[in-house]
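Just the one chain here, the form predicted on its own, laid out as C-alpha cells.
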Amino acid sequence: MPELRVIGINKRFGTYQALSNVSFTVAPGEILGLIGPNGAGKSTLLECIAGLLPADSGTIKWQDRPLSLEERKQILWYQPDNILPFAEQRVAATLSFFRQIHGVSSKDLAQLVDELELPPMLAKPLKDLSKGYRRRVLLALALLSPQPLLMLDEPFDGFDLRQSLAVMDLLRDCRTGRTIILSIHQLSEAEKICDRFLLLDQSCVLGIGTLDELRKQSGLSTREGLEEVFLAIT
C-alpha cells in the first residue's frame, strides 16, 4: 500500500494553471525526487500537499485514508525554500527549543549537530550564517521533527559537492521509518539520492518512476543519466 497518495490536484492562480491533474504515489520509506524547471509547479505542489495553499480540487491520502488539514500537521513536515525562522536567535537556542518540543534527547541533537558540521555556528544568529549553513540548520530542524513524511524544497541549494554528498548520506540514514519527498533542480544530485523521480513541467506530470523506468519511457539507452532522460521526455 502506498504511504502517500496524491490524486488529481489542480491549482489555478487567476488565468494561470499552476497544477493540472497531478497524481502520484509514494511508497513507505522511499525518497521521491520532484524534478522540474523553475516555474514547473514543484513548490506549489508541496504547498498544496501540506495544506498551506488550498488546491482547487484533488485529494491527499495517507495510508489510503483522506488527510484533513489538521491531520497533515501530524503527518507532514514541510520545509519551504529560503525561510529564516527565529532569525535573531542563536543557532544553539533554536536547536535546543526544537529538541525540547519534539522530545529529542540531548545526545541525539549533539550527534546531529556534529554530522551537519554546525558546532562553529552555534553561537551565531541564524541571519548571520551563509546560505549553506542556513540550509544545514533548517535540515537539522526537519530531522528533529517526529513526522513520518518529510517534504524538503531545494535542500541542497548552497552546498558544494562534498557537502551535498554528506547530507545525502544523512538523509539516507534517517529514512528508516520515514518517507521523503525532495524538490530538486540539480538533476545530478537527484540522481544520486532518489529512489524514484516525478518529472513535472508546465503544471503537468510528464513521467514517474525509477531512472531505468524513465529511460524506457523516453526510449533512451541504459547509459543515459537523469538530465538526458528529462530533456528527452520534456
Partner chain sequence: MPLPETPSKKQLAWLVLNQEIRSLLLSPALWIMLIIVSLLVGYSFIQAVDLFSQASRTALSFPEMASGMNPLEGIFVPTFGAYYLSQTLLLPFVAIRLIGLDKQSGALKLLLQLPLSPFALCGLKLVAMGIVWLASLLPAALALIVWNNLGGHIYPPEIITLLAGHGLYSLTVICIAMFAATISDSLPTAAMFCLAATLGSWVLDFAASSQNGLLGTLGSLSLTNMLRQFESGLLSMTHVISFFSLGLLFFLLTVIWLHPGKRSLLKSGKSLAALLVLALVVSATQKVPQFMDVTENKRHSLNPADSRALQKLDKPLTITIHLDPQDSRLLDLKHDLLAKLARSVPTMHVKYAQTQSTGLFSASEDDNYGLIEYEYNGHHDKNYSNSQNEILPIIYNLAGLQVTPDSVAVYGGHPLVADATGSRLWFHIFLPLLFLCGALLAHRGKL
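Quick caveat, the model's predicted, so the values are computed rather than measured. Numbering follows the first chain given and starts at 1.
Although not depicted, the form predicted together with the partner chain is the subject of the following passage.
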> Taking the partner as it appears in the predicted bound form, which of 66-74, 195-203, 32-40, 181-189 has residues with heavy atoms within 4.5 Å of the partner chain?
Replying inline: 66-74
> Is every one of Leu165, Arg223 and Ala232 within 4.5 Å of the partner chain in the predicted bound form, counting heavy atoms?
Replying inline: no
> From the list Leu171, Ile208, Val26, Ala55, which entry has a heavy atom within 4.5 Å of the partner chain in the predicted bound form?
Replying inline: Ala55
>> Against the partner chain in the predicted bound form, would Ile101 count as a contact residue? Criterion: heavy atoms within 4.5 Å.
In response: yes
>> Contact with the partner chain in the predicted bound form for Glu88, defined as at least one heavy atom pair within 4.5 Å: yes or no?
In response: yes
>> Under a 4.5 Å heavy atom criterion, is Ile83 part of the interface with the partner chain in the predicted bound form?
In response: yes
>> Under a 4.5 Å heavy atom criterion, is Pro120 part of the interface with the partner chain in the predicted bound form?
In response: no
> Heavy atom within 4.5 Å of the partner chain in the predicted bound form: which residues of 123-159 qualify?
Replying inline: Leu141, Leu143, Pro146
